[in-house]
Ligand code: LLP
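Only one chain is included here, represented as structure tokens and corresponding to the form predicted alone.
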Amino acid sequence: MLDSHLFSYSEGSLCCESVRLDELAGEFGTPLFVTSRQSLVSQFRAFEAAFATLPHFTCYSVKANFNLSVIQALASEGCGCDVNSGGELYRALKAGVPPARIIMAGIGKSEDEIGYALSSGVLMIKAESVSELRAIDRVASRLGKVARVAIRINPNVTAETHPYITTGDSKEKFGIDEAELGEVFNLFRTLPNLSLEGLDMHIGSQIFDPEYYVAATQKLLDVLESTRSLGFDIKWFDVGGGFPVTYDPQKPATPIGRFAEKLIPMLEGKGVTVIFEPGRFLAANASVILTRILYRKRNHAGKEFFIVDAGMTELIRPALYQSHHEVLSVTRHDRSIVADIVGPVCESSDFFARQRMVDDAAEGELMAVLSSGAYAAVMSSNYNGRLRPAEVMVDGSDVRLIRRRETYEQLVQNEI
């Protein structure tokens, strides 16, 4: 979605904040990720304002975009971090986030990762199975620690979203099934190196209807009541993330205030601190991919193709989820054309848009793929021997390189 202030046209040229994108392409080359720092900050502040009356702690879901500068921008506003691996924990710590403001998630944490989290002093570890609880206890025993733990409950709520990003259905791999809770609670009484301090859920991503959160939250509140009746002191109540953003202007996201209106009355006065884990909500519309048109061609049926220098190796979401991303010409044109915007990768699924009305731009001109701040750079690859692109962050008129473009030497640096 084109932000009217942070990504906008000025004198016919697309800008990020106060900086022209064509000037960035000239300095840093393409493909190029361009991130608005003000967008990250303003989204976080909007989220905090919506839930201001509720005792809560917001943890940015690092998996959405783990660039150190993105993490730092949010941490500077008081945001914590939700990490899903040792690598994401390393990144959060490297970005300067205090360990006590980091929570460790992930369904398949190794004992090495568990040890790293405990040794680092993270706020808590979220467990997703009985076997994992036993593993955390073993590691904590070796380290002479008592691990602060939350259990992730699978609420068996199937939200209306893409099947690959729904996580609260009992058919999926995530969380502990309600039927196992009796065994789990008994286990805590036998494992001396665990302290049960939190309950957690996550029902998916791009959830437009707040009623799915209402249903899942009520189930978790029922578990909270049961847990307390057994004598456990629950301090943290984690409802996850998944709040929607607008990718397609024809399908605007539900305002975050609508979720707050539903959830605050349910959660206030429960004697817990509520944890939220927005990732996409904070990062998705903060970045664009700047890409250059290499070639234009028309096939025998009259179909137009714009072949650009970015592809599914930079943004796999259209191929993986059939997701919509707006694509704009950096220089405005009076004439439009229907075309496929496709990348250079040797796969038919390598596209950003199909049969899309776009500006009639020429070879060599620039285009911007919007809403590329979440699940883009973090899911990038070197398929076809491609180099991961550079990334820059814009703050007003200030521009800073936050990731160098890869080199051919880096493609083989770990091979023997």
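All values reported here derive from a predicted model rather than from experimental measurement. Residue numbers here begin at 1 and follow the sequence given.
Just so it is clear, the following notes concern the form predicted together with the ligand, a form of the same protein that is not shown.
Three-residue candidate spot Asp82, Ser205 and Arg317; every residue lies within 4.5 angstroms of the ligand in the predicted bound form by at least one non-hydrogen atom.
Contact annotation: the ligand lies within 4.5 Å of heavy atoms from the stretch 58-66 in the predicted bound form, the single such stretch among 58-66, 352-360, 31-39, 382-390. The ligand is not drawn, but in the predicted bound form it has a heavy atom within 4.5 Å of Phe243. Proximity of Gly175 to the ligand in the predicted bound form falls outside the 4.5 Å heavy atom cutoff. Among residues of the shown chain, Tyr375 is one whose heavy atoms approach the ligand to within 4.5 Å in the predicted bound form. Taking non-hydrogen atoms only, Arg280 approaches the ligand to within 4.5 angstroms in the predicted bound form. Among the residues Phe185, Tyr90, Tyr295, Tyr321, the one placing a heavy atom within 4.5 Å of the ligand in the predicted bound form is Tyr321.
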